[in-house]
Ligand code: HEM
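Next up: just one chain, as C-alpha cells, the form predicted on its own.
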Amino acid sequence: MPETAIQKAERLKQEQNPWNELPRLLASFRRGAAAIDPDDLSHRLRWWGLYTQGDGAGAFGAAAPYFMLRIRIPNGLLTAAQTETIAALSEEFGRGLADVTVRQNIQLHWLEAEALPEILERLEAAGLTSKSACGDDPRNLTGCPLAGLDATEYADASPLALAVNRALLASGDYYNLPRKFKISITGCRDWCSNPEINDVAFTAFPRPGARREDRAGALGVPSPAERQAGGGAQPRQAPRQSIEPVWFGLRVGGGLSNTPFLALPLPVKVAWQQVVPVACAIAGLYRDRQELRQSRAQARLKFLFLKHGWTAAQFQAELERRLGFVLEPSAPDPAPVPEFRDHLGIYEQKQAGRYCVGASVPRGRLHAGQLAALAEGARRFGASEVRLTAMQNAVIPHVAEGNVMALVGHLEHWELPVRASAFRRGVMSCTGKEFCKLAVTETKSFAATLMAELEQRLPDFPVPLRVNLNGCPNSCGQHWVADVGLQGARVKTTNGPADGFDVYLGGGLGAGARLSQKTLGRVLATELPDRLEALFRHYLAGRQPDESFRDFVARAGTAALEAVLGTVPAAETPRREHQTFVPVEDLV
C-alpha cells in the first residue's frame, strides 16, 4: 500500500531532527533551489521558518522559485539593531517587504535560495533566528508588548516567556510534535496576546500576601527523568512558591482554523517557578499522544477534547502525573472585560516620566524604509527597543515626555500613524494569495482598499472594530474572533471567477467570548465597501447606549443583519484538478 501523506510526514520527522539539519540545508541553498531535496522543500524547511512562496494565484496556482522566511521574535521584543537588520535584509533580498504577523513575528518574502545562507547568518549575528517559526514544533511565544511598562499589569511576564522559549528549543525533546504548538504567557489585565486561542496559555492574576524574592535560579528546566515521571511514582516536591505577587491561570486546547475552539480553563493556579516545568510537561504530553498523529487535519491539542473525549480533569491528571506534583486548586481566573487590544496611542509607563508610543501598521504590511524608521525612532527618542503586537502593530517604549510628539511626527511622516481611525486601527489581514499557496483570495491590498473606503464613507465612526481578513478557512487572520470576519471565497461572475468573501459577524474575546457567525456567503470583494457601510450605519442607528458591535450582533441576530448586508451572489465551484487547497490547518 502506498505511503500516505501523514505517514510520510511522521516518517520524515522520525528519521531526522530538522533542527540539526541546518548545515546540510545551507549547502543545498548555495547550489540553488533546484538542488534542494524535495522532502526538504515540502517538510524540513518549515522547522527553519521557510515555506516556498506561491505564484500569486494561491490555491489555484503553483509554487514560485522564492521563499517566505518567518523570523521568531518571542514576546514581540526587538532591539533597534535587530530591527535595522531585518529592514536591511528586506531591502536587499525581499523586494523591500515585511509583514508583521498575529504572533508577533516578522515575515520576509521574495527570498532566493542562494541568499538564504547569508540571511540566516546575519539574523544569527543579530541575536535572531527562524528556528521553530514554522513546522510541527513550538511556535513563537506571544505575550504583552507592554510587559514591564504597563502600570496596571499584574506582572512583567516577559522573563517567563523567554525562559519557556529557551526551554522548548534547548534540546531535541520537542521538535517532533503532532502539529504546531502555540503558547501565550501574559501578565497584563487585558489579555492582549489572545490566550483564549492558544494551545497553552498562562494568564497572571493577583496573589494576595505574596512577596517578591530573589529570582536567581528560579526558572530552571526539569530534567528528562522528572518530565517523564511515571504513574506509580511518589509526587516530588513542587518548585518553590511564587517569587512574584501573582499566580497564573492555565488554559489549554485553544485554536481556530475551520474547527475553532476556545481554550479550556483548568481549575488550578500555577506559581511563577512552575510555569516553565508546566509548559514543558504539556509539550511532552502533546508530543506523546499517538492518537493525534493519525490525521494532520485533527492533530492539534484541541482534538483531545473535540474528538478523543478528554475532559479538563483528565488532562489535569495526566499533566500532574508528568510533573510529579499536584498543582494548587483554584477557580479559573476570570477573563477581562472585552477591550480593543491594539496598544495604539500614547501610554504613560510605570517608569516615571516615560511613555510608550504605539503606531498603526495597516494590514500588518511594512516596507523596509518603515522598519528602518521604527529603529531610528527607537534610537533617537526611546531606549533602542521596538515591540510588536498581536494586532500587527508596533510600539516604541521608554520615550521621555519631551520627545513624545517628536516621535509621533517621525512615525506619521513614515505613514505609521499613532492617531488612527477606527478602521485603520482594526483592519487585520493574513498573507493572502499574493504569496500563500493555500489562499483563494488576495487580502493585503484589498484590506488597504477596504480600510480607505470605510474611512472615507464613515470618517467619524466612533467605535474601533476588528475587521479581520483571511484568504482561506485556516483563519491565520483570526476571522472567528473579529467583529467582522471575512473568509476568502471565489465568486462566479459573468466575466469569470472573482475574489470574494464569506462574512462572519459578532466574534470577540474576553468576558463573554464568542465566535463569529457566518451571516452572508460569497460576497464579491468589490461589493464589500457598500455592504459594510450599510451594516455599520445600521449599527450606529440601532445600538443601545455604549453597546458594542459584538453585543449588537447578538441582540439583532444574524438573520436580520443578513437582510441588511444584501443578497447572495452565485458561488463558483473550482475545478478539482486545479485546486491544491489543503483543508483545515495543514501547512499553516
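For clarity, a rigid core is taken as the largest C-alpha set superposing within 1.5 Å between two forms. Each residue number is its position in the shown sequence, starting from 1. Everything numeric in this text was worked out from a predicted model, so none of it was measured.
Another form exists, predicted in complex with the named molecule; not displayed. Remarks below refer to it.
Residues placing heavy atoms within 4.5 Å of the named molecule in the model of the complex fall in a single listed stretch, namely 433 to 441, out of 360 to 368, 433 to 441, 374 to 382, 282 to 290. The shortest heavy atom separation between residue 111 and the named molecule in the model of the complex exceeds 4.5 Å. Contact between residue 51 and the named molecule in the model of the complex is found at the 4.5 Å heavy atom cutoff. When the named molecule is considered in the model of the complex, residue 68 lines it closely, a heavy atom lying within 4.5 Å. Using a 4.5 Å cutoff between non-hydrogen atoms, residue 165 does not count as a contact of the named molecule in the model of the complex. For the residues 157, 197, 192, 395, the 4.5 Å heavy atom test against the named molecule in the model of the complex is passed only by 197. This chain is drawn without the named molecule; in the model of the complex, the residue among 316, 176, 101, 82 with a heavy atom within 4.5 Å of it is 101. Scanning 454 to 490 for heavy atoms within 4.5 Å of the named molecule in the model of the complex gives 474, 475, 476, 478 in sequence order. Residue 60: CA moves 2 Å or more between this form and the one not shown after rigid-core fitting.
Relative to the displayed conformation, the Cα-Cα distance from residue 60 to residue 480 grows by 3 Å or more in the model of the complex. Note: the CA-CA distance for residue 60 and residue 38 contracts in the model of the complex relative to this form, by 3 angstroms or more.
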